[in-house]
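Given next, in structure tokens, is a single chain: the form predicted on its own.
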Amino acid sequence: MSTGSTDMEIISRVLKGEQQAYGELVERYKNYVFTLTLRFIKSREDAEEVAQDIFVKVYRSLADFKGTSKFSTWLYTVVYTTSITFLRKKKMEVHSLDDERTYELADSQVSGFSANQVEQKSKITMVNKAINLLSPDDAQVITLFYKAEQNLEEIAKILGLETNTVKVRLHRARARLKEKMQIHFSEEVKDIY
């Protein structure tokens, strides 16, 4: 997947006219972008379309990336704003992952997984359900820290907050997530520990 080039080296090559180098960035970040987009936009088809739009936007505005933060931090901002804009334009109904039909549909599409993969998927599904029970602010900071793997300083930049404020929010969000998991998934949580 990676040729050993840093994000900045690839960006520099793209900006110098080596357009095919952009494919390396797309390959490196396609799962990251799709996962985050799907977090905002529950329809897989719409999320795929928005993810493609995001890569087009990123390509067009690559010169705007100054390198003062990690590329993934800047990319998250593009994912977030593009996803929110899409939702506002479409005025789409955001579906809760609590909806059993959503899970039945997702489960019916899974095939060929080993028992460990199914168990891992089940744990991820449970955590995602619990995250969706949180307030949008709590869900956002949890998603940025754990799923987008941003550090506190990067999250602070994205959200326009002080690092200590983010640290406090993350601590409180973790506590609320744990509480939601213990309330709504007490049997499953017992099995994990």
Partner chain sequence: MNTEHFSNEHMEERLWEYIDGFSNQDDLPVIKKLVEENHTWRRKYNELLEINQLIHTTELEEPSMRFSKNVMEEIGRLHIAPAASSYINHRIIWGIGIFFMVLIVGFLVYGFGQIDWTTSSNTSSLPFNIRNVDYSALFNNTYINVFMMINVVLGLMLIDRVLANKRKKLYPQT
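Superpose the two forms; the largest set of C-alphas matching within 1.5 Å is the rigid core. Numbering follows the first chain given and starts at 1. As the structure is a prediction and not an experimental result, all values here were calculated from the model.
Omitted from view is the form predicted in complex with the partner chain, to which the following refers.
Would you check whether the partner chain, in the model of the complex, lies within 4.5 angstroms of a non-hydrogen atom from each of Lys42, Ser135 and Gln140?
No, the whole trio is out of contact, none within 4.5 Å by any heavy atom.
If we define contact as a non-hydrogen atom of the residue within 4.5 angstroms of the partner, is Lys167 a contact of the partner chain in the model of the complex?
Answer yes; at least one heavy atom of Lys167 falls within 4.5 Å of the partner chain in the model of the complex.
Would Trp74 sit within 4.5 Å of the partner chain in the model of the complex, counting heavy atoms only?
Residue-level check for Trp74: yes, a contact with the partner chain.
Please check if Phe185 has a heavy atom lying within 4.5 Å of any heavy atom of the partner chain in the model of the complex.
No, Phe185 is distant from the partner.
Against the partner chain in the model of the complex, would Val14 count as a contact residue? Criterion: heavy atoms within 4.5 Å.
Val14: yes, in contact with the partner chain in the model of the complex.
For a quick check, can you give me the residues of 127-162 that have a heavy atom within 4.5 Å of the partner chain in the model of the complex?
Counting only heavy atoms within 4.5 Å of the partner chain in the model of the complex, the contacting residues of 127-162 are Val127, Asn128, Ile131, Asn132, Ile142, Phe145, Tyr146, Lys147, Leu152, Gly160.
Arg13 C-alpha relocation of at least 2 Å between the shown form and the other one, rigid core basis
Shift at Arg13: below 2 Å after core fit.
Core superposed first: is there a CA shift of 2 Å or greater at Gly160 between the shown form and the other one?
Yes, shifts by 2 Å or more.
If the two forms are fitted on the core, does Gln150 show a Cα displacement reaching 2 angstroms between the shown form and the other one?
After core superposition, the C-alpha of Gln150 moves less than 2 Å between the shown form and the other one.
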